[in-house]
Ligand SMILES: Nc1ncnc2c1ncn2[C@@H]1O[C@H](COP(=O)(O)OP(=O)(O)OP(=O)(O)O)[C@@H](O)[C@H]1O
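Read the single chain below, which is given as structure tokens and is the form predicted on its own.
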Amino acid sequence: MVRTIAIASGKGGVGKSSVSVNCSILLSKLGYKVALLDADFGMANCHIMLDQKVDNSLHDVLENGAAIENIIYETASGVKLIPGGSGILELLNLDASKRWQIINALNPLKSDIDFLIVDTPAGGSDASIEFAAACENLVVVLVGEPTSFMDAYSFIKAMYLEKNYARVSVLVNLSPSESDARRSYNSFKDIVTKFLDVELEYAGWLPNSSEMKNSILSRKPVVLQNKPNDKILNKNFNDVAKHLENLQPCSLTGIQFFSS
């Protein structure tokens, strides 16, 4: 059975794709067969972070009838990358039938992978909500500032009201310290649980690290670097990956990846 996890954010610029890439690699290093779906269609960049040249993407599945197996890239990290396509206008405004087509297209991978990590589009668009709701677990990435709180709350509210999604993990990124991350999480949890009947789980925190920024520039994920200088970053990424490994699937209805 494939376990499906959406990595989402209420706004861009909070490190969602970095979390998706590095956690996918760590799950692979734990011995799982992992596929990473870059569902940030039209603005996809996971292949850049993985330093993977791509010639085909989900655009070829939608428009040219390509089989999903023919657009998967076996990256050097061990992760199977399913690129969403970058700079392709048609992918920016997918209708419901196209989104369903993509979800259904992944069915042939059911016996080949243990985890599907979905890097969803930032924000609360229909595509963001539909692809997140198609996963049995959801991790929302936020940073400790009011605008991030507001946008993350709006996204969780939409998932709850529209998809009955009632359990969400929260990862605090770019934090100056563990205590600051905990305060941010507790403050955010108070806001969410005051107005929504949603259970929140603490997925962990990641520091505001220059090493992370350098890893993106060098196109080498930080968890693959032999001697990372930021030991807190390395440890915390491993803790987050363990959280993902131990998540219990939510009981959901509606269209989902790998469901009959």
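Numbers follow the displayed sequence, beginning with 1. For clarity, every value in this text was computed on a predicted model and none was experimentally measured.
Keep in mind that the form predicted in complex with the ligand is not shown, yet the notes after this line are about it.
Among residues of the shown chain, residue 14 is one whose heavy atoms approach the ligand to within 4.5 Å in the predicted bound form.
Mapping the unseen interface onto this chain, residue 224 falls outside it, with no heavy atom inside 4.5 Å of the ligand in the predicted bound form. Contact annotation for residue 213: at least one heavy atom lies within 4.5 Å of the ligand in the predicted bound form. Residue contact check for residue 58: none of its heavy atoms lie within 4.5 Å of the ligand in the predicted bound form. Figure note: of the listed segments 201-209, 27-35, 58-66, 188-196, the one touching the ligand in the predicted bound form, with heavy atoms no more than 4.5 Å away, is 201-209. A heavy atom within 4.5 Å of the ligand in the predicted bound form is found for one listed residue only; from 127, 122, 181, 81, this is 122. Shown without its partner, this chain lists 133, 174, 71, 168 as candidates; in the predicted bound form, only 174 has a non-hydrogen atom within 4.5 angstroms of the ligand. Taking the ligand as it sits in the predicted bound form, the stretch 45-76 comes within 4.5 angstroms of it through a non-hydrogen atom at just one residue, 49.
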